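Coming up is one lone chain in structure tokens, specifically the form predicted alone.
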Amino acid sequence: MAARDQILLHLEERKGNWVSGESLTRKLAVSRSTIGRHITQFKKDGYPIESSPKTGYLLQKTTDLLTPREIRDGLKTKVLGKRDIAYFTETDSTNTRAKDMAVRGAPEGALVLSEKQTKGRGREERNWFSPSRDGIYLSLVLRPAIPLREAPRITLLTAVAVAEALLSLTRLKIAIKWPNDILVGGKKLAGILTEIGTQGDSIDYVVVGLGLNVNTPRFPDDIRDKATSMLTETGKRFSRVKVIREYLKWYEAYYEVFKNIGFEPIRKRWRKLTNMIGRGITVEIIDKRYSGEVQDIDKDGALIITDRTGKSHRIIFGDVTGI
């Protein structure tokens, strides 16, 4: 773990209490100048830290840091988030870090959280706007015992879990857009990135990344008309920690349904939470384009559309427009 992350974690453990610079240098084996440099940067980034030449540093109690201690305090799950949690004040991509952990044998339910991403990724390697401490940038490691062909079901399961968490915390009119977006009023509130590691024809791990705009006050010009946040839609700031706990609670509940009963209950709930059924859309797949009316999603999570000639198309992946 980088020195900056160790410093912040130690301050968070002693949140509301003064921590001397001497104790930090001794415990973390870093120089006073290194600590001072990171503290200065933390303050510039908006972390509520007080400094005193005589007493050291104090992290105020009113923080909303996504540290393991904060996440686990009150977390109502049995597996997800209960074991390995990797926390970063800044990283390139939580999915990249989670894949590294998965390859090294991280157990199911392991989490990666970051306050900021410098190379946040969406589908097709698109960038995900990831300002410091405004959103949730989280990746989850799963090891489902399912055939590779059923992997798309995980993305739809994730979308349902995200939607349920948001519905439980807000009165927003949530709509799921196939395959991986959560919309409010036609604007993207959250995006999902699912990546798979295989061993032969079997799934070794699934990394499910979530980018959720929580307290983001504004967006860059190029996505201002396409993106929104919980803050923008409600006028209220939300505890990101509470949102994550709620998400993990719903995720575990639906994941248990998926493992013990199957995908059908999740498929039915997805259909109720989407606004796509019966609507005309266009799907672009590499060098092909399909237009038609959405009929359903099938048992594997593929999108079924019917074109003007009445021909049915089964879409496994692609970019959807027209919603």
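In this text, residue numbers run from 1 along the sequence as written. Note that the structure is predicted; figures quoted are calculated from it, not measured.
There is another form of the same protein, the form predicted in complex with ligand BTN; it is not shown, and what comes next is about it.
Relative to ligand BTN in the model of the complex, residues Gly120, Tyr137 and Lys188 are all within 4.5 Å by at least one heavy atom. Distance criterion of 4.5 Å from any heavy atom to ligand BTN in the model of the complex singles out Leu193 from the list Val206, Leu193, Val214, Leu80.
In the model of the complex, at least one heavy atom of Thr94 sits within 4.5 Å of ligand BTN. In the model of the complex, ligand BTN sits beyond 4.5 Å of every heavy atom of Ile154. At the 4.5 Å threshold, heavy atoms of Val241 stay clear of ligand BTN in the model of the complex, well away from it. Residue contact with ligand BTN in the model of the complex: Leu210 places a heavy atom within 4.5 Å of it.
Residues placing heavy atoms within 4.5 Å of ligand BTN in the model of the complex fall in a single listed stretch, namely 178 to 186, out of 156 to 164, 178 to 186, 248 to 256, 69 to 77.
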